[in-house]
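Given next are two forms of a protein chain, the same chain in both, each as structure tokens and marked structure 1 or structure 2.
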Structure 1
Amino acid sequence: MATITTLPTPSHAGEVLLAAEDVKKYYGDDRSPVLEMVTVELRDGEFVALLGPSGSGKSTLLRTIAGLITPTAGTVMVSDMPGDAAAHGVSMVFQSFALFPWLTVLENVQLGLEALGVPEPEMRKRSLQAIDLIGLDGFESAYPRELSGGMRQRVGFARALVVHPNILLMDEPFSALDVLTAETLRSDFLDLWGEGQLPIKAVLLVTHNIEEAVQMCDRLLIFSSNPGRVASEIPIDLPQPRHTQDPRFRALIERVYVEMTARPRGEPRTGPKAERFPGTGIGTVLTHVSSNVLTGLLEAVNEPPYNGKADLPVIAEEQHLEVDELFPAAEALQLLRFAEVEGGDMKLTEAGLQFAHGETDDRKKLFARHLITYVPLAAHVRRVLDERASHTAPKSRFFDELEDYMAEDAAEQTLRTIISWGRYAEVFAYDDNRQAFSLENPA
């Protein structure tokens, strides 16, 4: 039985503020848990980042820690601060905030305290402090529409900080901002944290941005998907401020890439060739990666100086791909047997090299063959279309089937992926208006 318990106040620095143990969570049925055996500890003074691909369950874990959802199994213990009625164990900063448009900045921030029953003068004082701290001084009476995206996100930070939480949980708080704004807010936050000015004791930051994680945190937990678990942990012991071009910084980035592409523990390192590739059934979630990205990546790895084998961080930077895009792309190429990925490197297979050297038509044929052979859902769609007299089938038919295995949005994404790959390879056609697959134009 899952429980959420409150620990007594820590008496000295370094005390455990959060202990999540063997947390398991599934939505709906238990065939595909989103989280499995997740154990995370956070101590006073720590800034920990949780890094993982999209859909790996990071938000689910944060929401579980925040008490917004109940774990299916396992325990989450968060220490509280008795004696201070307005203090909370945790509060959360989201990717973007639903600020109330009819409330001013001050009123939006005060909302964080209203629920806690703080008296009016105290509420006002603390809110003004939080606003001041986060760099919004002078904007107390502005309305959200008058603020830039970066400033609105600062209001979000102020709303989370105003409760003086022990632990600040941040769920990709910089990812909706443009690059420069994100950089400014990140460094402002780090300065305040470093100077001990924030009314918090520890931070847990969820991100899919490797550089951001290495830049900010003291310890990095690498999350893997299906099911989400902490696959490894890397201490980041560089002094602040950290410089992205520092060789030690680059070395850590490289190490993170290696860990993120490592084989999950317990899986055999040797064995028949087939074992090196991810196994799939019809119910495998396919992250959407366009054929353009796949083609571009194969071409880039094939070209000198790589000649078929490239370091992922290097190729990611060259191709301007973030982890969120790079890993699904690498995964797709593995699934299609065009590349192998391990230890931070991507190596093209024979077929991958052949693809990179081929002309458009040859490429499409090769892609079609691999799609049908290695992606069971593609083979299934094709088979259904072949067997039906009309050679058409509504999307809903496959959607219903996928829903037995995955959440609605995952099914939607998986179909979007199969549609774009199938179209590229001309294995089947898809009509957006009729929402139907057909064999109309395939080669």
Structure 2
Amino acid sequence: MATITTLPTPSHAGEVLLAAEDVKKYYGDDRSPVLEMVTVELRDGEFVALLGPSGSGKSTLLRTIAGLITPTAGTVMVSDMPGDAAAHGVSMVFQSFALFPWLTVLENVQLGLEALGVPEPEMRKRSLQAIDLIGLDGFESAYPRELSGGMRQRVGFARALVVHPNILLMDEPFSALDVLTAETLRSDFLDLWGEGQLPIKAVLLVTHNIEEAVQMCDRLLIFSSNPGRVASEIPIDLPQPRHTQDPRFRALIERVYVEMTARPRGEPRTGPKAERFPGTGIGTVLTHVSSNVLTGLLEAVNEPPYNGKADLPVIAEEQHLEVDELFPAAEALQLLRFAEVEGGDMKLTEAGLQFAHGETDDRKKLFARHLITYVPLAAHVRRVLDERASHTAPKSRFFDELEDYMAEDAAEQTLRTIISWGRYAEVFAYDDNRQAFSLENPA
């Protein structure tokens, strides 16, 4: 039976604004859990981040809170209002700018108030105030095509804030921006939040950027995957403004990496079941990582000063990798038995070291053996191709099968990953025009 995660109440926080209890979300005849027994609480005055590997259900939970997704089980209550009322008092900023290109800045911002039936004079007044607050005064009549990426995301913030929600949900709102623009927008948002100028009571942020989470938030909820659940909580008690080179800041970054790579509770550390490799099956969702990224990471960890074992925060900084790039690569290497990841470290296995020292052909052969041995879907595709007289099979043959275990976009991503790895290893070929697998290239 799954364990319910109960989060302690921060001593500085106010009334409960959000209570999500025992939330579950399954796909495909309840065979593929995305969220399992997730319990989260958000209080007045809190800025909380959800962190975790890709596919751990963070965005699914956020959309469930926003009322965009219906949970399979569990309850979500916002300001003591369950069910359909849960979306009341909640507004959301998305990763994509999600603006209507045929509407001006002012018209885009007014949309939420129009839906609420706010009278025209009040709607215009509040919209202009939101535009001014977020730093876009003077651009009210501009169209999205005339704005930079950072300015378009500011419109998204203004549109979310203009309805004066109790809770602002943010789904990777800075990830589509360049580094300097994202830093400026984060800083501006933090200043407004710290000065109490924003018409909101609490913020819930989904991010893959660990530094961003530590810089902005009061509390971090670390999600584990397969299925997604809250694995741990990290309070952030550093005063604002926070400085990334502060030793206390760096220590928190290290702690997050350790928590995100921790062995699940109850998993043995010794004996035949102690391997730190994720359980797999044909229905395992695979995050797309190219063979070039995997090769580059193996080579980097193999070289001095790491010599086969690297601290993840250090290698991430050296290789300029965000957590949403580093963790899928690390998990893929672990899945393929080229590395072990735990306690914030990555250690190459004997096979990983052999790969790093090998020539191109030797690497391909080793990758092929591990792909067929440790990734059941790759072995399944190859077996189907071997058994057919034509040695071909349509993509739909496997896509339909995967949809019994996962959502459509996850099935597409998983097949894309298998195609990429299979091509590199020359285990099978894929013709995108015919949407078909074959054995044309492999020897």
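In this text, all values refer to a predicted model and were calculated from it rather than measured experimentally. One-based numbering along structure 1's sequence throughout. What we label the rigid core is the largest C-alpha set whose atoms superpose within 1.5 Å from one form to the other.
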Which of the two shown structures is the form predicted alone | 2
Would the C-alpha of residue 427 be classed as shifted by 2 Å or more between the two structures after rigid-core alignment?
-> yes
With the two forms matched on the core, what distance in Å separates the two CA positions of residue 409 between the two structures?
-> 2.5
